[in-house]
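A single chain comes next, written as structure tokens; it is the form predicted alone.
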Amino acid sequence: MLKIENLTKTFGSFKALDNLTLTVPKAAVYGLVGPNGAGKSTAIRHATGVYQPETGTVLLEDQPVFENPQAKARIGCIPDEIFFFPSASLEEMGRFYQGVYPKFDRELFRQLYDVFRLPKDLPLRRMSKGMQKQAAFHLTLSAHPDMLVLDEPVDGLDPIMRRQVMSLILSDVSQNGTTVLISSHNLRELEDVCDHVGIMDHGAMLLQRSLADMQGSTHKLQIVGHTPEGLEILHESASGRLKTLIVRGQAWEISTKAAASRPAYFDVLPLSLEEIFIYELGGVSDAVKNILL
């Protein structure tokens, strides 16, 4: 659906994107993660056609996004900093969106008032940050975009509304085949909704793969006893008698080899997205740079 290849962007002497390649499959929820300054927001501004590529390509189903109104009309974007016309109400912004997005669903727009419970005629600039974020979802979901691009989408929302918004997004993916690109620092929430993940650092893509593949091919073994033989150990640490090993392999293979060493205790656990992120970027050791590759 969305394909970014060999994308580079510089601001003066600073290279924000360095030969970035990113692929978001159709009808997938893709989580884009990385430390501050990794280039996530710059990548999103290219994906939505705000920035012109210096080198490389940004394609939405093989069509360039930059200066392409037909492609942009298929993309709904909620940036980290929300912008509305200064004196516009939600109803007035709804009419504006209806003129921009050909698949804008007026009936869905009406129904979402029951979900977000926002005032129709209050100027949006007088709403709180959380209410403005809800208004952005109200408008963007009503537009029925083929591609939904979200930068820190639930920042400013309370826990109940966060869950409600994520449920609406997943329902849109399931019912309409919407493709979603989410950039967020909340790795725990991304793990609940994403089926593909890309990890960026210093403007480049370190790793992108389905979350199931990431978590299925490498595990955490906690064990009290001798280190089992025949394991491909990527990292090892200890706290007292308890050893924690990052091991490449399937869970059943690791369990079989761990049991053969007759430990006093062992447990095989999947790596969370946060742990994958830490091992990729935390500089624990050179060995963990090879995790899942």
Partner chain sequence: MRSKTSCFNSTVCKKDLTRYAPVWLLYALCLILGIIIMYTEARNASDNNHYWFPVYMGECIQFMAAVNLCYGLLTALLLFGDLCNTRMCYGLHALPLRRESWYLTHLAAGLTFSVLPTALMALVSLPLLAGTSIQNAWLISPLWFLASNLQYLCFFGIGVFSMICVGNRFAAIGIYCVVNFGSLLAYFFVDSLYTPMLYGVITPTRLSIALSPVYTLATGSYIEFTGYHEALIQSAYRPDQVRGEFWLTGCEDSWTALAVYAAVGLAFLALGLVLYRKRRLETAGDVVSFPVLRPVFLVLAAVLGSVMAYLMAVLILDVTWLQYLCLVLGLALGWFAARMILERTMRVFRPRNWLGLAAAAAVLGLSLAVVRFDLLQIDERIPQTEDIQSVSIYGSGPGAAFTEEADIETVRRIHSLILEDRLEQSGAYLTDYDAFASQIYDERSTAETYGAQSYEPEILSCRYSSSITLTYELNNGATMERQFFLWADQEEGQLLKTLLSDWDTIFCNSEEASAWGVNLYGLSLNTDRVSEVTVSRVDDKDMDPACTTPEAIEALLEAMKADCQANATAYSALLHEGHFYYTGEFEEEMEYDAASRIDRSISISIWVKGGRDLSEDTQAQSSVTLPESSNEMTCYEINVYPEMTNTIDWLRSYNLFPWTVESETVYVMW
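What you see is a predicted model, and the numbers here were worked out from it, not measured in a lab. Positions refer to the first chain, counted from 1.
Unshown form predicted together with the partner chain; subsequent notes refer to it.
- Residue-level contacts in the predicted bound form: of R209, H202, K103, R162, one residue has a heavy atom within 4.5 Å of the partner chain, and it is K103.
- Residue-level contacts in the predicted bound form: of N19, T23, T10, S272, one residue has a heavy atom within 4.5 Å of the partner chain, and it is T10.
- When contacts are judged by a 4.5 Å heavy atom cut-off, H185 does not count as touching the partner chain in the predicted bound form.
- Of the heavy atoms in S167, none are within 4.5 Å of the partner chain in the predicted bound form.
- Contact check for R45: a non-hydrogen atom falls within 4.5 Å of the partner chain in the predicted bound form.
- Y113 falls outside the set of residues with a heavy atom inside 4.5 Å of the partner chain in the predicted bound form.
- Judged against the partner chain in the predicted bound form with a 4.5 angstroms heavy atom cut-off, the residues G225, E253 and A259 are out of contact without exception.
- Considering the partner chain in the predicted bound form, the lone stretch of 238-246, 49-57, 263-271, 29-37 in range is 49-57 [heavy atom distance within 4.5 Å].
- Shown here without the partner chain, the chain has G49, V50, Y51, E54, F66, E67, P69, Q70, K72, A73 in 49-74 lying with a heavy atom within 4.5 Å of that partner in the predicted bound form.
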